[in-house]
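A single chain, nothing else alongside it, follows as structure tokens in the form predicted alone.
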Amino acid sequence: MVLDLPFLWAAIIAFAVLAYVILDGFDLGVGILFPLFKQKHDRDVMMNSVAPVWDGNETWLVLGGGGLMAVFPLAYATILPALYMPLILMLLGLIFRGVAFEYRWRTKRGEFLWDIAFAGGSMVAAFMQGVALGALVQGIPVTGRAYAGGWWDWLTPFSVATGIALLIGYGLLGATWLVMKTTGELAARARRYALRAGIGTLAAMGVFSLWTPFLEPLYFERWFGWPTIVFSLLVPLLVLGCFAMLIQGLRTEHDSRPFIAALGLFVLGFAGIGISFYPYIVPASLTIWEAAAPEESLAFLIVGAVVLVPMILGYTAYAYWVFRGKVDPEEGYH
């Protein structure tokens, strides 16, 4: 049996992207919710809830982006020119919020500036990730194995709507994370915001489920053709199940159930995107096998992945285990 290395690498990169979305999604969500909490003590607790793990979450972004360049260079060379602006703005947002984690605790007079940097950087990064996703889903024009579009092709009503939807979704992850990690009035307010964000996320998933199939004939065929229509019928039921779990967890004041339900919504949404794309890595333009590097390069790189990915999983799991439980409001990470 011959190992299909392009498919294996596509699965690894897809896993890295999913890990980044669900892990960095909740700490971006905490930043998105930051302006809604005016008290300094609440903001300190919110930042302390993610301070031990936020930088490790970024590792998956590096693995996904670096892996795309090394393993699918043609896709990288096609996607990047199409998405330079949203990706650059995303990285700037991540830089500002990353610096804010350290500098906010070093000053009293300028603390409000770093609060703005943390919240603003989180919102910009989340919104631009959604815009980039929307631009990729709506299609990237390719001619002669190169990007054939213009500088502003990424900016469309669909991509903007996707950016707004991801802001809401990350807000849900952030709110449910705070429910799980905090206590008292802070947790109670987070439950109220989680309920609103959960309704918004469910509505957004419904809107894009109706919108996306009509963007590209490939999507329509995938969603309504046989046998993938079974998935199209099953996923809405699973989404409603996760939403019911979210509502039940919030009403019973369960700590972890709302967060698990929110993760379920994201995993289902990600699976839907994967089903729509496969076997394309650039929708309707480049398949996984067309964009892949030579087999020898893939085989060489898989050796590193076999070592590196378990290491990342190991230290990520260890970090979450060490910092498990509620955040002590009277103590700080810094």
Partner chain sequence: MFETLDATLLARLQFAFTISFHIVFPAFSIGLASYLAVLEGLWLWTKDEVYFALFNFWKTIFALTFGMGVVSGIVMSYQFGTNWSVFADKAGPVVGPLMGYEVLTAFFLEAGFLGVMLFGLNRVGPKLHFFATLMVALGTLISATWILAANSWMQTPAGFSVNAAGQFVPTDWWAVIFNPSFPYRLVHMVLAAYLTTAFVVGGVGALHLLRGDAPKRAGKMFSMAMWMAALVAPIQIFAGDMHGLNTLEHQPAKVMAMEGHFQSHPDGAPLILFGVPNAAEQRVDYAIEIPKLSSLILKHDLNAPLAGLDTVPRDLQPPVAVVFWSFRVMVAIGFAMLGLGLWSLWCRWRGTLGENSWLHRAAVLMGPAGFLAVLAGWVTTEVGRQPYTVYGHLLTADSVAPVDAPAVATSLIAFIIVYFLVFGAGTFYILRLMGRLPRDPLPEEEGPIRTAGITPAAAVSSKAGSHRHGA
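Numbering follows the first chain given and starts at 1. Values in this document were obtained by computation on a predicted structure and should not be read as measured data.
Not pictured, yet referred to below: the form predicted in complex with its partner chain.
Residue in contact with its partner chain in the model of the complex (any heavy atom within 4.5 Å), chosen from 36, 267, 308, 284: 308. Among 161, 116, 74, 218, the residue placing a heavy atom within 4.5 Å of its partner chain in the model of the complex is 74.
Checking 190 to 198, 167 to 175, 206 to 214, 83 to 91 against its partner chain in the model of the complex, the stretch whose residues place heavy atoms within 4.5 Å of it is 83 to 91.
With respect to its partner chain in the model of the complex, the three residues 7, 238 and 274 uniformly fall beyond 4.5 angstroms at the level of their nearest heavy atom. Remark: residue 120 does not count among the residues lining its partner chain in the model of the complex, judged by a heavy atom distance of 4.5 Å or less. When its partner chain is considered in the model of the complex, residue 107 lines it closely, a heavy atom lying within 4.5 Å. Although the partner is absent from this view, residue 98 contacts its partner chain in the model of the complex, with a non-hydrogen atom inside 4.5 angstroms. At a distance threshold of 4.5 angstroms between non-hydrogen atoms, residue 231 is out of contact with its partner chain in the model of the complex. Taking its partner chain as it sits in the model of the complex, the stretch 287 to 326 comes within 4.5 angstroms of it through a non-hydrogen atom at 293, 294, 296, 297, 300, 301, 303, 304, 305, 308, 309, 312, 315, 318, 319, 322, 323, 324.
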